[in-house]
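Starting off, we have a lone chain in the form predicted alone, written out as structure tokens.
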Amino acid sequence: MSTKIKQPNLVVGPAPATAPTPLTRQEMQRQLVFQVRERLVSDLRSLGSLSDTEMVQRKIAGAFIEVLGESGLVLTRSEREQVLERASAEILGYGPLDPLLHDDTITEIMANGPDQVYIERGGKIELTPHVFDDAAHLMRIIERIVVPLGRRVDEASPMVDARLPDGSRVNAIIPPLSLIGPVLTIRKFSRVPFGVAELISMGTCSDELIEFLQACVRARLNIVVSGGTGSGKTTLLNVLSSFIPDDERIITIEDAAELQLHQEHLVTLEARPANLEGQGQITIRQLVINALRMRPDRIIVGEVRGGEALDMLQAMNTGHDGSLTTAHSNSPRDTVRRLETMVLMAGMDLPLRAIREQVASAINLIVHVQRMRDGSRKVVEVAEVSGMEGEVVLLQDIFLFRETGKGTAVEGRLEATGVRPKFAERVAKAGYELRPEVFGYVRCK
């Protein structure tokens, strides 16, 4: 006996329509900005150049009025201004990053893909409400930064270092290396470069240290500024460079030009990456070698991180006194070790003792800066390279930071150790007599 299986009743016909999710005001405004940009793309391409910003602004305003009228959306006056500003930033500036770039309290901008934009303010990192439409939107902004500099970023070259017109440092890394989409990091430069007064007021340096460093630079000592990432090495190097007399020929060498020097006799050189065919790369090391043929009084290398350290030491040891550079390290002692390692990276089969002799002979002073736990940057150690003893490069502390507080905020003072450096006589012969108070001595009356 067969059993009949009862079939379910099927309703044949179109599925019930699902009501679309209403857009938020913010999403509506974003769509307006997108439509304004799309409407102007062909017009702006025909112009070729966006240098006439007033004319472009008028075109943006006209397109915005048209799009707003067609949409039927009613905006308040403040919303209209906000959307128009965002549309202008999208076409003339750097999109969602524009307000962050114009905020002088922000020191770092970090876009972790299109949906997360962090900033650093006062040494603390915080998440912002600014986002990109999608990964393609972020890629357009990255390309807008790097293309005018002759750089490129694509799957064949997914990492790039660049700079903004104000000198701010830019790094971008994209898929396939980044698994979260394009990542953009901008280290902002102050519109007015920090000078001596700012470093003293922020507690980075003391009056005595500035007097000491100024005499060392003018007496043509070779100085390395060391520290970790974001510790303020380039800022301090800028200040040290400002002590160089105006009548000297200065040649700066950097991966991406960041130094902001104001002397008249200045030549700035910048390394160049390889082209699409993998050719045409010019390295820091090649530029250092070339700079020796340019009759420099001073050579300033933005940062040594490889084989160029050997050529830098050779220059310091062959009459090019007064050279300045920076290096990543955790202390002056680590700086010496890193220099040894970087010299070995040059590919020369040199014995370690010969390298250490080069370092001891070339470097006179190491100034170590550190980013403290409260976000402040301070010079925490100044050490003289005083020669060699056996196989060891000797370092002598001239200044040390003494921390006095125990709270979240770092309290303390940079104090002289009471040791007078061996090069003090050389500084005096150059005409810069250092007061006893600089080294912590009390002058007898």
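Numbers follow the displayed sequence, beginning with 1. So that the term is clear: the rigid core is the largest set of C-alpha atoms that superpose within 1.5 Å between two forms. Here the structure is a predicted model, which means the values were calculated and not measured.
Same protein, other form: the form predicted in complex with a small molecule, not shown, and the subject of what follows.
Proximity to the small molecule in the predicted complex, taken as a non-hydrogen atom within 4.5 angstroms, holds for one residue of Ala172, Val336, Leu199, Ile284, which is Leu199. The listed set Asn222, Thr204, Ser168, Ser241 contains one residue whose heavy atoms approach the small molecule in the predicted complex to within 4.5 Å, identified as Thr204. The small molecule in the predicted complex is not approached by Ser78, whose heavy atoms all lie more than 4.5 angstroms from it. At least one heavy atom of Thr235 is located within 4.5 Å of the small molecule in the predicted complex. A residue is said to contact a partner when one of its heavy atoms sits within 4.5 Å of a partner heavy atom; Gly228 meets this definition for the small molecule in the predicted complex. Proximity of Asp255 to the small molecule in the predicted complex falls outside the 4.5 Å heavy atom cutoff. Contact annotation: the small molecule lies within 4.5 Å of heavy atoms from the stretch 191-199 in the predicted complex, the single such stretch among 67-75, 178-186, 191-199, 107-115. The rigid-core alignment places the CA of Thr107 2 Å or more apart between this form and the one not shown.
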